[in-house]
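A lone chain, given as structure tokens: the form predicted alone.
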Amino acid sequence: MECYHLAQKAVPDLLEHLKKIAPVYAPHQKGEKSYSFERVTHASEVVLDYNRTMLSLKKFFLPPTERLLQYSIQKQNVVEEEIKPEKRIFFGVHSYDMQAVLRLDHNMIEGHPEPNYILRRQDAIFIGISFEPDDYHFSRSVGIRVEEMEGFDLFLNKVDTNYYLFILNKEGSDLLKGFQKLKAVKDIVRFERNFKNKLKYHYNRIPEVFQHVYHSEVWQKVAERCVGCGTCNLMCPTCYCFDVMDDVALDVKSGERRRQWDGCMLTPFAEVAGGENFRDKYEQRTRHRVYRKFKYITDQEGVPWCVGCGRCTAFCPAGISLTDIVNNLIQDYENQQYAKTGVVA
């Protein structure tokens, strides 16, 4: 692994260099406090010291809404949307968002591959960057370090006001050909960022907890505050559920089929014919959502499907904290074990 010193003042030059290779997408400020990955037109608009974007990179590979096909009864034809692979560079990506993409890869490629996702994803290039954890980040608690470099081609680790630039593979090396503003680093300074927000247990122990808290009172307590808006689903970088619907023209002679993001916290998600709903209560929906992140898929893959980005907590209008839910469930589990054995787990 090669490492170079990159001065902060040289970052705009690096962005301009990369723009000559492929379209570059990087964090931009939106409003007073929000950030969004947008295509770079001017390097001066890129913000690298950000906490999190409102939506993750998922929006580029699995769009919030997309047309799948158009059909016409008059012409007796069906025309599917054509998706062409596009080389794109995603610059300034946090480690938890890269890990979220890798988890989406598993969901969308394993078993029954989803072709639209695969086509959009296949030529993506990722350049990571370190971050300072805020009150909502807890990615370290789910096994993702700030400096986790898996999946990246290049990685920028901020040291003081400048950066270490790590070249992680041949693709990353090729990106820097012709860029001269780098100086080799001999002695790399390594340090850990401090996380204020933490899960009480190591993530390997959490599936065991979830074997004992299915009927916990914690779910009802959370439900008393939940408004069922689905923000936690729609903001989550590893949620991938969608709904498919047909929109028919008023003359009933043509129409289109589209899909859009859906989420298990929304009322219609588990509705069936006749108006029945398999999860009509908020506590049932909350439990299903959290089990999907820490139990169901984790039992199969060995890692949490939550990446600790903190979006669901930061943007929840009711102020519900995912770490509080899990830590309260851990406390419930410990109380159960103490009642049985007289020993705290």
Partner chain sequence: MKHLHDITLPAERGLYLPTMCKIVEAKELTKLEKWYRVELPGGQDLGHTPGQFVEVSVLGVGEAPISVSSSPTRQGSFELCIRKVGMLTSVLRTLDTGDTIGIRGPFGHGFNVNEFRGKDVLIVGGGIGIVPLRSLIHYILDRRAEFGRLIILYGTKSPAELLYREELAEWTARDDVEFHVTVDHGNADWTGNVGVITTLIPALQLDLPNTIAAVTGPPVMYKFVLMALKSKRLPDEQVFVSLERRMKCGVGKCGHCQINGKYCCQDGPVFRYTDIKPLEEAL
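Numbering follows the first chain given and starts at 1. If you're wondering where the values come from, they're calculated on a predicted model, not measured in any experiment.
Omitted from view is the form predicted together with the partner chain, to which the following refers.
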Exercise. Just to confirm, residue 145 within 4.5 Å of the partner chain in the predicted complex by heavy atoms?
Worked result: no
Problem set entry | Exercise: residue 170 in contact with the partner chain in the predicted complex, heavy atom 4.5 Å | no
Problem set entry | 4.5 angstroms heavy atom contact with the partner chain in the predicted complex for residue 69 | yes
Exercise. Could you tell me if residue 186 has a non-hydrogen atom within 4.5 Å of the partner chain in the predicted complex?
Worked result: no
For this session: Please state whether all three residues 28, 222 and 233 have a non-hydrogen atom within 4.5 angstroms of the partner chain in the predicted complex.
Result: no
Exercise. Among 197 to 205, 244 to 252, 128 to 136, 157 to 165, which stretch has residues with heavy atoms no more than 4.5 Å from the partner chain in the predicted complex?
Worked result: 244 to 252
Problem set entry | Residue (of 174, 192, 80, 86) lying close to the partner chain in the predicted complex, criterion heavy atoms within 4.5 Å | 80
For this session: Could you run down 88 to 106 and flag each residue that has a heavy atom within 4.5 Å of the partner chain in the predicted complex?
Result: 102, 103, 105, 106
